[in-house]
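The chain below stands alone and is given in structure tokens; this is the form predicted alone.
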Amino acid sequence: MNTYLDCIPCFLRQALEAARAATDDQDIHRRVLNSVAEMIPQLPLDVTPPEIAQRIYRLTYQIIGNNDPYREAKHLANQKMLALYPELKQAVANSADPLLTACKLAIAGNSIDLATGSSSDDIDSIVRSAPTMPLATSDYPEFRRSIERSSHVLYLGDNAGEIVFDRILIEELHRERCLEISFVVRERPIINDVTRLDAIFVGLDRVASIVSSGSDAPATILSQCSPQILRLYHWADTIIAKGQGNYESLSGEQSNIFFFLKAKCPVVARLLGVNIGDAILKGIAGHRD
């Protein structure tokens, strides 16, 4: 999807929040806002929002002198979600359809997103209600059928914290079928997006091959991805794309992609025909036989 004018105020908010995460110095906060504001007239609207966000975060990090202002927040989110792991595994095991419950947990975990102003503070109640959470858009039957005929799954990760729920879904996929699963992380820190260190911390390396996208974009921008990722992308039988950023960057593709996300902004909610906060499991055309 292209960038909308409605996205511009969100970019400014994200820049300010990143600056505040790094320092209490209001002069630096003002410098960040002024610098981002100067960028706005030159921002192209015919590219995806994550591509714009990448430029804005690079500039912000340069000004604040910190290339990972959310490091501590990410670590705390990973720890907090790992503490819930045994309870969530039990909820999946006890459910009538463990794979569906694991899918819902993975989507519920997408609530942890510092770019949209959320936090992990209230995630306990969210994930505990996940097994009965309605899906505003549900292509789950198509997803299950796709997994049943797959050998290799490419799993495009999103945020720290929620990757614990990704691990639970991956473990359930392995229980359903013998699969080779590659889990994609960011090359360098950006916002609270998952990096290799985050993935290893929560044990994802035990259930999937961890591979870097080759980019620090807060989504999967195919033109920026490494040759390895592009090979995996075209080879995979099923692609799982977590989060709103991956929906923004890949919704126009014709591959066998299933998007797992919460709709977090008015633009994306409108495009999906849902309400803000709704849970989405949406497939797109391009199924591979």
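Note that the structure is a prediction, hence the values are computed from the model and not measured. Just count from 1 along the sequence shown to find any residue number.
Although it is not shown, the form predicted together with another copy of the chain is what the next lines describe.
Contact check at 4.5 Å (heavy atoms) against another copy of the chain in the predicted bound form: all three of 8, 20 and 45 pass.
Checking 223, 62, 254, 34 against another copy of the chain in the predicted bound form, a heavy atom within 4.5 Å turns up for just one residue: 34.
Comment: 24-32 is the region of 228-236, 24-32, 64-72, 241-249 lying near another copy of the chain in the predicted bound form, near meaning a non-hydrogen atom within 4.5 Å. In the predicted bound form, no heavy atom of residue 274 sits within 4.5 Å of another copy of the chain. Proximity of residue 16 to another copy of the chain in the predicted bound form falls within the 4.5 Å heavy atom cutoff.
In the predicted bound form, no heavy atom of residue 265 sits within 4.5 Å of another copy of the chain.
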